[in-house]
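A single chain, nothing else alongside it, follows as structure tokens in the form predicted alone.
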Amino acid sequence: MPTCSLSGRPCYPCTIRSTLSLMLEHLDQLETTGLAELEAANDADALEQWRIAYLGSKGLLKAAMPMMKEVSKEDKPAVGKRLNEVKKTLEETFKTRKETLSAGKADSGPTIDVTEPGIACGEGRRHIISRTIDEIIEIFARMGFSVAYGPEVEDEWHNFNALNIPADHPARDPIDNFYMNHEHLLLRTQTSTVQIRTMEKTKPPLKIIAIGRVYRPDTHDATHFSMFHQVEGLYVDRNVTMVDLKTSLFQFAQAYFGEGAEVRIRPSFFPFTEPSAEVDMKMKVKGKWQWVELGGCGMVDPNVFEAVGYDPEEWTGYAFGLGIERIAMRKYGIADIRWLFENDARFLRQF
């Protein structure tokens, strides 16, 4: 008896069952067997053998497609739909199985011996500038100063006008400032701008320090840099004198550097203070002890008080500005300010 081209069995079932049902049964069986064998594939080789057997160019799925010729024209859509469903199911399940096996292989690395000594991690630490700022804030806080902050991009009013610096003053020359645009904005050259902003919105008395970055187009050398940090102090009250200023600076120097700290104040000139003075400290530079300027100080000029609405007949005050990098250099024996900005871990680990 001849066999059926669909089922491989004797022809007589085809007289009972339709070609459509036989084709659908064959596809169902193909799907069931394929999924079962795929689930049993536990390594890459078995998975590849399954792919060749079912999805390859000579695989069972390809072999089922010519059987569409045995299906009547009206049944072809149903059989074609089911064939596509089986193909999609096998392909997607194969992809998922392959990803699962790959993930399992990646996770199955060598067992870690927990008894072996670990690899020591390098400990991080705060930058020397940040640490110096924290130390300065802590000392001045004990002296009654609070901390004020302001923007680094300033206008000419806060950076010059309110600080009694006239329009023709050399300090306003473009060669000495980082001007930004035609609207007369610039990177602040001193944190005195924070003092102006604080006095504009705060009634006296007040006692503040302003800390932050400032910018000046200086030539880089051992003691100068185009970006550095300042701490500015301002104390406004009735009957404040130069003695109060000198006392505050000497107390800070001794609290920060020790009782043997050498500090001197020598006469100078600043537009925003009168009288004015320079603050110097003796420090070692390239192996030699010498006096290094830390900043300026003086009694607040009456014109500054008038610019912010303070009555100079009632209020007096002092102001000072110190370079934080130079303070750090004196404290930790650093000979070159440029080392603080090179980010050399070997240098930074020393502090």
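Under this definition, the rigid core comprises the largest set of C-alpha atoms superposing within 1.5 Å between the forms. Numbers for residues come from their place in the sequence shown, where the first is 1. The structure displayed is predicted, hence computed values, not measured ones.
This next part talks about the form predicted together with a small molecule, which is not shown.
- Of the stretches 293 to 301, 308 to 316, 23 to 31, 45 to 53, only 293 to 301 has residues with a heavy atom within 4.5 Å of the small molecule in the model of the complex.
- The putative spot formed by 216, 273 and 337 is fully lined by the small molecule in the model of the complex; each residue has a non-hydrogen atom within 4.5 angstroms of it.
- Contact with the small molecule in the model of the complex, judged by any heavy atom within 4.5 Å, is made by just one of 223, 198, 164, 177: 223.
- Residue in contact with the small molecule in the model of the complex (any heavy atom within 4.5 Å), chosen from 228, 94, 256, 145: 228.
- In the model of the complex, the small molecule sits beyond 4.5 Å of every heavy atom of residue 159.
- Contact check for residue 132: no non-hydrogen atom falls within 4.5 Å of the small molecule in the model of the complex.
- The small molecule in the model of the complex is approached by residue 232, whose closest heavy atom lies within 4.5 angstroms of it.
- A movement of the C-alpha atom of residue 306 falling short of 2 angstroms is seen between this form and the one not shown when the two forms are aligned on their rigid core.
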